[in-house]
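Each of two forms of one protein chain follows alone as structure tokens, named structure 1 and structure 2.
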Structure 1
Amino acid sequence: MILFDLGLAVLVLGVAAWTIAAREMFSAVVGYVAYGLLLAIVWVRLYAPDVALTEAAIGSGVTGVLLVVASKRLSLLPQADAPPGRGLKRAAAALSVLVAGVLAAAVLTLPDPAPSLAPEADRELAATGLGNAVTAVLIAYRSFDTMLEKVVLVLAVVGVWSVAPDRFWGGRPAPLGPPRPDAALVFLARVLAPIGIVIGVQMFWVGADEPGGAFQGGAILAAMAMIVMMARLTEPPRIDSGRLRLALIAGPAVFLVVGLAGPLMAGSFFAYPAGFAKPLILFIEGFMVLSIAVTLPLLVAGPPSRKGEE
């Protein structure tokens, strides 16, 4: 297995170097998607299947779509490619080697025995009714963090929308796909979307006890929404739609309301009442899946760039 790990390490670093060295921006982006998938295998080797799913779905998949769309839109403009000077390259290389070396040294001198919160996480796991300790950390032990992360996603959407020119406010983002999408893409979108929706919901549902959860399930649902939009079976929604905005904030809002009800129900902010934790957690997660599935495609689609009537 050591050979497998070494080979994987060389492959990950090699593909990462390729994304930097590739002359075409588009090749670099495609390299980045492959890199993300390879990285997911490294995460599996580190006994982190939940992280591997997130890396594959969001780090590689959704980010990949974002970068592909961006590179297409940027490639329409003239490229001012001033190659960096030799001095700058040398200085940057020296700095990079120094930082990487210090990090590697830090890896070798990590404290032994390693500090760990695993025993604490295990002790209270039964009280949450969950079987997946990572989900328990996200939704129970560190729930305030996770709620704020959802708020960050909403703020990112507000940030993306706010760079729109005034005349397009309330309109639709630009279409994700070409005017006449490939017949194969349309077919793929029609066949894959129903299956993907089932897998996404399943991944959220089993996430309570097995690898998976709200992020990973939501990301798969988001990917299905994006592929349907790329095939032009549907268009990105108008950003002034009330239902859209409600879906956007439903996750953090429900999470916050349950958290604020904590002092009444369980005696503490963001505490869940004993014996009723799991239904409450799944209730919150359901709305989070909805919000994630709506937020990610909106972030990829970008600011509104046309009036909604078109």
Structure 2
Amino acid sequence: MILFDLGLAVLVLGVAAWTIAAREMFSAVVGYVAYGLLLAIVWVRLYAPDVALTEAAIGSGVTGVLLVVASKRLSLLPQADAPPGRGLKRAAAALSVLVAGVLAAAVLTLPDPAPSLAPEADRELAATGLGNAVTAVLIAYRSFDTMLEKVVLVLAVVGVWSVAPDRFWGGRPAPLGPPRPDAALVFLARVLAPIGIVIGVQMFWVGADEPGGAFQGGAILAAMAMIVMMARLTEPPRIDSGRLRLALIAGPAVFLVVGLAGPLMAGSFFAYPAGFAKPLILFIEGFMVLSIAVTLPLLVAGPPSRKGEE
């Protein structure tokens, strides 16, 4: 396996270099998606399947679609009169090398063994009723941070919507696919979407005890929604839809309500009563899945650019 790991490391570095050096935007996007999939394999080799699932779903899947859509829209804009000069390119390269060097130094200078709260987390894992330590850390040990991360996603959607012209406010984003999508894409969307929905729900449900969770499950559901929209089987929703906005904030809102009920139920903010921690965590994650599955496609779809009836 050492040869496999060395080959994987060389391949990751090679794809990263090729992605940076690619002159065509679409080629760079393809390289980025391949790079994300290779990183997912790296995380599997590091025995971090939760991170690998997130990298594959977000790093390659959702972000890849976002970059493809962005490259398509950028190609329609007027091109710059002159490309960046050598000075700017050298400055960007020097900054990249500096950041990489600082990160490498930070990793290499860590004490051996590195400081860790893992033993304490494992010791208290049984109190949460969960078998997956990652889910326990995210929803129990650092629940306030996790809630704020979802709030950031909602604010990102609001920021995207805010750049829409006034005449389109309340309307729909532009379609993600061409007017006449390829028949193969339509077939893929019809076949893959139902399977992906089952996998996404299953990944959320088993996330309490096995690798998975709300973010991974929600990301897969979001990817299925984007595939369906790219195949033009459905259109991006109107942003003034009450049900859409309710789904958008459902996860953070439920998370906050449970946190505020903590002093009454368990004596402190974001605390869970003994014996009810796992049901409450699954209840929170169910709404988080919904919000993530709605938020990510909205970020990809962009601001409304047409009236709702069009």
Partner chain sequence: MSPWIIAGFVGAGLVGLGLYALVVNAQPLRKLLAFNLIGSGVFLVFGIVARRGAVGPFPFDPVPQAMVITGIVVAFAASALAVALMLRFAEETGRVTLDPDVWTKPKPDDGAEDQ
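These numbers were taken from a predicted model, which means no experiment stands behind them. All residue numbers here follow the sequence of structure 1, with the first residue given the number 1. Under this definition, the rigid core comprises the largest set of C-alpha atoms superposing within 1.5 Å between the forms.
The form predicted together with the partner chain appears here as structure 1. A movement of the C-alpha atom of Gly101 reaching 2 angstroms or beyond is seen between the two structures when the two forms are aligned on their rigid core.
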